[in-house]
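For reference, the chain that follows is the form predicted alone, supplied as structure tokens.
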Amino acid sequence: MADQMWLEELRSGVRRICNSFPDSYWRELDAKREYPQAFVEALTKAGYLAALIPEEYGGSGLGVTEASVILEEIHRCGGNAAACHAQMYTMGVILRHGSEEQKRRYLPEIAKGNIRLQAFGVTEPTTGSDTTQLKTTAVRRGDRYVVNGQKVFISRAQYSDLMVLLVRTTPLAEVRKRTEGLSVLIVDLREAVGKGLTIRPIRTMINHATTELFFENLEVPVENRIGEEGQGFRYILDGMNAERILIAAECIGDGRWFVERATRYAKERVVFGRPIGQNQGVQFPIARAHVHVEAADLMRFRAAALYDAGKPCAAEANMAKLLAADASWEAANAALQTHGGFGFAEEFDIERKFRETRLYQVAPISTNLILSYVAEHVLGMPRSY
């Protein structure tokens, strides 16, 4: 595990940036459904979004442990890293499976903040989490792939220069295993929009900059394919453990924010001549939420340590995400209940964070799919789907 003193220094640095973006900043963005441009630029300038890019490509060369602390601290300060967290890990598919030319071309520019790689095109409206059944196709014609299909719930596509796109290059009927025949392409969104790609925003209950994408004969150079044709499913799986550990850290940050806000309000709010926090009916839900957040934190660090050591960590990454998402949602409910009617008022920010942290019961992988994974791959039960 990373040195605790170094992690605290990292937290302090992130906290200094976050202090320049108080609750009011996030509240106003939420009301207008605007992207936190200034916040993302500040994080980029400080080098935090290049944490996982090796030093030889201009990044910080840090591990998932440190990256998770960065994202946790953003959420603990009341912000929302969902606007930019993909900049950290989406580039991983290029780093692990891209050609040296692709690494040299893209990674230093991403590290500098000159280009953004924040969009990850996988989910489709008719297949959802059943990725191997996706319908978006890429047919090779000479030195180009011609892409047709649709994606949905693709976040940050309007604020990204590049997108990693998963497509089917070999029809499902022609492959031996359903995980074969999928390929990964780098799409330059600056060139694609209006020339075969249409981006349509989806308004959701949170300010998440999510969209649906429509591809109609979009041409992508073959040189933009990452790795071998047909091996894309394996490539994207590589990055999912990192993503789940980082999302777990965000949930832990949310959980700590809720516990701290609830505790402070419980000590300050006086009803019937006494602080409401003196009542065990108020104390216990907050205390229990705190205990569960701290337990989830331990699993986060365990999963991150395994990942950084290059050891198998799929079970730990999944369990960390589930435990942290459950803990943050429990803390959110405790904070809302503690604040009573004021919890629903925008000026207290509880309702905003309440909506934001609810997402992680569903995305980037639902709680039920994690339980199915654990049942099959950890406990050895029959596959359920």
Partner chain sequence: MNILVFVKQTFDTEETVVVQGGRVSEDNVRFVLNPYDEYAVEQAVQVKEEFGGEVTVVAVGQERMEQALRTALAMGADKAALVEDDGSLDEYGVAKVLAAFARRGTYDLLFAGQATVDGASAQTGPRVAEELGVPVVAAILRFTLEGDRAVVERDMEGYSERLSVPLPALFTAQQGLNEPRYPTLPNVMKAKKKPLERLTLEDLGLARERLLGRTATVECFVAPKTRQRRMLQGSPEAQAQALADELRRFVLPD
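Residue numbers count along the first chain shown, from 1. All figures in this text were calculated on a predicted structure; none of them were measured in a lab.
Beyond what is shown, the protein has a form predicted in complex with its partner chain; the following relates to that form.
**Q** Which of these stretches, 330-338, 65-73, 348-356, 313-321, has heavy atoms within 4.5 Å of its partner chain in the predicted bound form?
**A** Careful reading of the contacts points to 65-73.
**Q** Since the partner isn't included here, can you check whether its partner chain sits close to all of 8, 45 and 48 in the predicted bound form (heavy atom within 4.5 Å for each)?
**A** Yes, the whole trio is in contact, each within 4.5 Å by some heavy atom.
**Q** Would residue 377 sit within 4.5 Å of its partner chain in the predicted bound form, counting heavy atoms only?
**A** Looking in the predicted bound form, residue contacts with its partner chain do not include residue 377, since no heavy atom lies within 4.5 Å.
**Q** So in the predicted bound form, does residue 17 come within 4.5 Å of its partner chain, heavy atom to heavy atom?
**A** Residue-level check for residue 17: yes, a contact with its partner chain.
**Q** With the partner left out of view, is residue 12 within 4.5 angstroms of its partner chain in the predicted bound form by any non-hydrogen atom?
**A** Heavy-atom contact with its partner chain at 4.5 Å: present for residue 12.
**Q** Decide whether residue 373 counts as a contact residue for its partner chain in the predicted bound form under a heavy atom distance cut-off of 4.5 Å.
**A** Contact with its partner chain, no.
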